[in-house]
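The form predicted on its own is given below as one chain in structure tokens.
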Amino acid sequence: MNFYRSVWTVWLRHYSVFRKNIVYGMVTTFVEPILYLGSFGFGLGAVIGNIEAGGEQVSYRAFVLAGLIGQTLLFTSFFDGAYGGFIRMYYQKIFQAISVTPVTLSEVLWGELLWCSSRGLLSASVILLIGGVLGDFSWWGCVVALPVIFLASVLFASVGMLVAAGSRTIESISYPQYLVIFPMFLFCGVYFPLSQLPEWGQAIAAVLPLTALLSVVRTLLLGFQFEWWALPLLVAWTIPFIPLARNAMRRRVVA
């Protein structure tokens, strides 16, 4: 079977399962960021008004809305790669079952990675649409941001798959979730400018991928000052994690 057709077949298999549970999928994908938007964007945003960030005066609602793109990508792609990947690999034995067909394990893992990345892209696209309709984002910026958003989705999905491959039990996923993912979500500038952190905190946050993603996204959507290091840093995080995740998952499946 052709490589691309095989990968597409795996992706379609995951999509078919998602479509059968469409209500659950939509609730778990979209309700959380919309609640955050209502609470921080409209609620707290009405109190704060405009803020100084990225060399611009912007509304706090627009600032948070752009930040929610990064949060949504991080959570959706990572959780589907980690928890979803673990369940499909360990409990449902989906990877092993597909691998006995003409579809190879390598193609299965590519399909898995692209599916988890697609979930993140879909979630972020909804936030982009909301921001465009509200007038907080420029429409051309939304279009240009999509490839960057997909790149970040691939990265966070790869991290999730790597965690799934290294976890002996599903409870073990909680360790990187609480020690890495949640701190990155809280301190990479989703809800406040990084300038509010102490200098040592800014230095740590500056090397994390979510910070780089938010920098690029806010430049495109809100007109923030361009930070040349952001996109290369995001690429530098993504390139090694793809083979790391695939190789770790392959070893786990065939073990």
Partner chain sequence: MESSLSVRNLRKVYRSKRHEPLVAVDGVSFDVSAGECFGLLGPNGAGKSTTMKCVTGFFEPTEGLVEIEGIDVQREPKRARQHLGVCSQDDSLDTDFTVFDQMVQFASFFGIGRREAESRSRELLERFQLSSKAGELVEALSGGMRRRLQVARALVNRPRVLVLDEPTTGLDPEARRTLWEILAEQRRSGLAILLSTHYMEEAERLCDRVAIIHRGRIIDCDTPEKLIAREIGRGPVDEEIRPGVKIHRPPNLEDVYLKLTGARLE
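Residue numbers count along the first chain shown, from 1. On a predicted model such as this, the values are computed, not experimentally measured, just so you know.
Here the subject shifts to the form predicted together with its partner chain, a form of this protein not shown in this document.
Residues Ser172, Ile242 and Arg246 are none of them found to lie within 4.5 Å of its partner chain in the predicted complex, as judged by heavy atom distances. Put simply, Thr104 is close to its partner chain in the predicted complex: some heavy atom of it is within 4.5 Å. Not displayed here, its partner chain is approached by Ile94 to within 4.5 Å at the level of heavy atoms in the predicted complex. Under a 4.5 angstroms non-hydrogen atom cutoff, its partner chain in the predicted complex lacks Ile22 among its neighbouring residues.
When contacts are judged by a 4.5 Å heavy atom cut-off, Gln177 does not count as touching its partner chain in the predicted complex. Across the options 121 to 129, 164 to 172, 96 to 104, 137 to 145, residues that bring heavy atoms within 4.5 Å of its partner chain in the predicted complex belong to 96 to 104. Heavy atoms closer than or equal to 4.5 Å to its partner chain in the predicted complex belong, across 238 to 255, to the residues Val253, Val254, ordered by sequence position.
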